[in-house]
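The chain below stands alone, shown as structure tokens; this is the form predicted alone.
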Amino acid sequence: MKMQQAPGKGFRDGFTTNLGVIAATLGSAVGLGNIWKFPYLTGVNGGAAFIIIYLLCTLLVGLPVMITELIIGRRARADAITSLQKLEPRQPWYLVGVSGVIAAFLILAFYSEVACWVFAYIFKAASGVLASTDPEVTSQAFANMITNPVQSLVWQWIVLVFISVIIIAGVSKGIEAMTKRLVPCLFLLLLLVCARSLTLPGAAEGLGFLFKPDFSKVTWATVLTAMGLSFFKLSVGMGTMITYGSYFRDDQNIPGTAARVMLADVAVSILAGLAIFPAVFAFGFEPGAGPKLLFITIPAVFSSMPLGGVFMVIFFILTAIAATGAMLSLMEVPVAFISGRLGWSRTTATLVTLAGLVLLGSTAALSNSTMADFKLLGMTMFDLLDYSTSNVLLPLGGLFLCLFIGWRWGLENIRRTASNEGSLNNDAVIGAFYAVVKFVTPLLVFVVLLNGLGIIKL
């Protein structure tokens, strides 16, 4: 097993194979947003036209920040906070890492609640509870679950314990081993559901919704949507890629790996659209965004087709796989910080993180029931955790990471790390990355921040 040297502290566990690196990093980038948000936004924002704009925005926003984080993590071989302290001692840049660790913890506190709905739906689908073509019935089933405080808490705890067990196993034997199995399963199950969806009568309308270019729908608001999506979908700004980068092998091609992860992430999103929307249109349902599509429309759609119960179970299994990879990377951020900084064992650091998530996560889990009337700044705890991370901490973290690597750390340090000390002939790629991350990406991320705060609206 290949370990990573950590000065003064022996060896750090790390990813052992190229496949493991790709699987873990892609598992972090792929999440629930791939299953419903990207396909839906593609459809309502011009289909193929939106995909083109999104890919361009990803090249200018999401991908440069991902490469930045991976470079920082691999160079420093430490957690998100310590990495920046090592690269720039006695300077406040480490606060960007602090923001990332806090963001990862807060995100997991509410994301685990959404994930628990997905895990619960695997069993609900298998039991036949969701077997109805009437959206009113599936809507009531969803409402019954999220407004039941016992169900919400227990399922959230089950999911958090499941993730904790994998984290305790370590980077190579836990995260890498699990994602190397889950990511291929995700693609296989997606292809299986796609095949069924595309063979339904009337599926062509769903394909048109996704892929027919409609440039009349493209506005500056569309560009802003694509820009924000390209930033949030690659798990950047929250310390996950710095942490995972610290586990990269010395010979890993960072720009190449990041580009492959980006393309695979887009592929998952498009496959999810192919799995969902042809079936949605084939049976005359209206596409909707968010939980309504995932937990209300989808069960009704699958209930309308032959062998729909089987494919419904498969769909929620693949959705749970997508959520698992994202949650592993989120929990690893605070665990890596606690174990590396305080010298605690990985088990202790994970259990402490788990305890904190159980406490804070319970406020998100109860936001639709016991704590529905408890609001701060006019928002439930679920919405507050979502808003504070997505609209404030993540874009702020991404912005200052770009400023750090582009304006403080400099081209020579970037070239040494991204070229693996000169062993890779990628000067042109590094030069293009440096120009974009120094001048273009910070400006665009700043626009994302202003839009998230409601300061600018197009």
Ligand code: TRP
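In this text the structure is predicted, and so the values were computed from the model without any measurement. Heads up: residue numbers just count along the shown sequence, starting at 1.
This protein has a second form, the form predicted together with the ligand, left out of what is shown; the following refers to that one.
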The one residue among Ser112, Thr353, Thr243, Ser235 placing a heavy atom within 4.5 Å of the ligand in the model of the complex is Ser235
Using heavy atoms only and a 4.5 Å cut-off, determine which of Gln156, Ser329, Thr138, Thr319 is in contact with the ligand in the model of the complex.
Ser329
Look up in the model of the complex whether Cys57 has a non-hydrogen atom within 4.5 angstroms of the ligand, and give yes or no.
no
I'd like to know whether Thr68 contacts the ligand in the model of the complex, with contact meaning heavy atoms within 4.5 angstroms.
no
Is Ala203 part of the interface with the ligand in the model of the complex - any heavy atom within 4.5 Å?
no
Classify Leu393 as contacting or not contacting the ligand in the model of the complex by the rule of any non-hydrogen atom within 4.5 angstroms, answering yes or no.
no
Only one of 45-53, 423-431, 398-406, 31-39 gets a heavy atom within 4.5 Å of the ligand in the model of the complex; which is it?
31-39
